[in-house]
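Have a look below at one chain only, the form predicted on its own, in structure tokens format.
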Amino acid sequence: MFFGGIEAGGTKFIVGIGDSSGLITDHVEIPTTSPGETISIVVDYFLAKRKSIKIDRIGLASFGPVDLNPKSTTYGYITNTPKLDWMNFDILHELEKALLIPVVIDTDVNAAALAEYEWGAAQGKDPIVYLTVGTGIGGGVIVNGKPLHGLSHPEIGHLRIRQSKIDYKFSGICPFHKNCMEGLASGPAIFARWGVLGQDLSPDHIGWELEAEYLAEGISNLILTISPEIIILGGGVMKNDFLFPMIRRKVKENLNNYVTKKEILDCNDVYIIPPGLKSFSGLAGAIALASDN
């Protein structure tokens, strides 16, 4: 049995085919342009695949915010996104209408968390947190084996963060909150502060101390509120592996022995870790959404 997956990102869509074991048999990347153009290419991909493969359902792991309440009149819409062309776009039903098969939607980070829970680094752990640090910052939470939903869905990237005294001149890039985690620690925030991409900063640049400080503060708050058994950090910024020990050290300092669990007291490399599925967490998560429904 095969399922389709769509990781709908602000920069690119990754679409592919996989099975209930998490095996991805085919995938392609599509630049995110206008809704009409992007969705048309996605639809053409699946229509071509269905000539030789039966696809039972498609999972859609979308950037957001998205409306996940089935009783809402805007269920399946991308809502208040800073990508203005996509604001209030009914992505779920546009896909279902074009493909005539069920589409299951969740946030991109909830889906990535689900994939890591089922097939990746978080197997056997519950609850878990998956945090992506890249063009934006977002977080997904798995509790009792299911993505966490509530009045809306977690918007971890917009947790407010205390700004460092050495960073007081930087106002933050988030148009809604300024000094939230995304506003201070996303890839675009690094560029706005230093005038170069993160990949062009040397590992000993002061910018990485700030990055680790801001991410550690957000992660410390997540530990105190959700008490996850594991925290996974993905996204482009976290490809700078030297950040992991810096973040672990600062989390331990923040908690100051208040949470007396071995994983945190030891501050080791089995609690705050990179994704087991590497860059495929999002697409695998979309396939997991489809295969679990």
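So that there is no doubt, residue numbering starts at 1 and follows the sequence shown. None of the values given here were measured: they were computed from a predicted structure.
One more form of this protein exists, namely the form predicted in complex with another copy of the chain; it is left out here, but the text below deals with it.
- For a residue to qualify, one of its non-hydrogen atoms must sit within 4.5 Å of another copy of the chain in the predicted complex; all three of Glu155, Phe176 and Ile264 qualify.
- None of Ala122, Cys180, Val103, Leu131 but one reaches within 4.5 angstroms of another copy of the chain in the predicted complex through a heavy atom, and that residue is Cys180.
- Of the candidates Ser227, Thr33, Asn240, Asn268, Ser227 is the one whose heavy atoms come within 4.5 Å of another copy of the chain in the predicted complex; the others do not.
- Using a 4.5 angstroms threshold between heavy atoms, Glu217 counts as touching another copy of the chain in the predicted complex.
- Proximity of Asn256 to another copy of the chain in the predicted complex falls within the 4.5 Å heavy atom cutoff.
- Another copy of the chain is not drawn, but in the predicted complex it has a heavy atom within 4.5 Å of Leu148.
- In the predicted complex, another copy of the chain sits within 4.5 Å of a heavy atom belonging to Arg160.
- Residues with any non-hydrogen atom within 4.5 angstroms of another copy of the chain in the predicted complex fall in just one of 191-199, 160-168, 204-212, 90-98: 160-168.
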